[in-house]
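Here you get one chain, nothing else, as structure tokens; it is the form predicted on its own.
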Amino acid sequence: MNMRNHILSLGGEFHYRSCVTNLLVSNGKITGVEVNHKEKIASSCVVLAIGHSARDTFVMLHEKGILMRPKNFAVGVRVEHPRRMIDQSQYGEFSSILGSASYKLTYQTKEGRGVYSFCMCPGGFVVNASSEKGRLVVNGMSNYDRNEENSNSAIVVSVTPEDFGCDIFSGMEFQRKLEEAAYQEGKGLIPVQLYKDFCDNQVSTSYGEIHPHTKGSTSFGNLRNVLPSFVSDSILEAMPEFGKKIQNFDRSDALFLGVETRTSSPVVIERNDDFVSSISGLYPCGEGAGYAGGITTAAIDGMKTAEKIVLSS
């Protein structure tokens, strides 16, 4: 709220429930945007900080002739453990005074594929973050106090155009295919599976000591039916190695929830050294444009983009 009020005090505006449905272009230069198919906002400078899930906008940009290409990203599951277990493993005797612990895990499979933790949420929730009908995707979040019963993170496997195709939207369609499978497996709810049952390729029937801590209802399912075999195999190879770094990370009743597909944008919106796209005055920026991989790097790219705009004016 304070950040918003500061922007308002400097003359900025916020337009809620406003979807950019077209770009206004004249002689190869941006002249403004169309909002909600009717309102037109004139501007000689437009920053595209659209986020990695703006699929309708990606299609609109392609139709306008803006240069894009597919890029690598990662897919996998969310894993939940007791917060106190993670705290104890990370902080030992000081866990009671240091608060909720985070972690970062990486592994390279024998075939050279990367497996890693992403968007770790200490003392948080797994969230149903679905954005399209008939498709299901999960994310993670923590409240300010980071004091919920479980900690979670995404355990994801790198995928490339060699896995899903080299057309501009092949990665996006790959994501959608997995999200549709997750929706079907969970019957519209978040599919959840114990790690031991993921190993045994069977649907779980009961929980161990860990119960899901989610925003959104859950249903038992077999996530091996959702993920491509090379993704499942990579996770199976990595989990015991992660258990060597964080005690009991690979415990049999750890929970897998799926599917995590939105780690980063499936496309790059091309820009030159001045951060300008194939249309003059249009600045692709941040995670959705393919130039960041998280909150911090997206913020830094926003600052760099602002600097380029100032230098060009």
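Note that residue numbering begins at 1 and tracks the sequence as displayed. The structure displayed is predicted, hence computed values, not measured ones.
The following text describes the form predicted in complex with a small molecule, which does not appear among the structures shown.
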Let me know the one among N139, T109, S204, S102 whose heavy atoms come within 4.5 Å of the small molecule in the predicted complex, would you?
N139
Quick one: of C119, A181, I210, L236, which gets a non-hydrogen atom within 4.5 angstroms of the small molecule in the predicted complex?
C119
Using a 4.5 angstroms cut-off on non-hydrogen atoms, would T57 count as touching the small molecule in the predicted complex?
yes
Touches the small molecule in the predicted complex: A49 (any heavy atom, 4.5 Å)
yes
Does the small molecule come within 4.5 Å of any heavy atom of V20 in the predicted complex?
yes
Taking any heavy atom pair closer than or equal to 4.5 Å as contact, tell me whether M303 reaches the small molecule in the predicted complex.
no
Using a 4.5 Å heavy atom cut-off, which stretch among 280 to 288, 63 to 71, 38 to 46, 267 to 275 contacts the small molecule in the predicted complex?
280 to 288
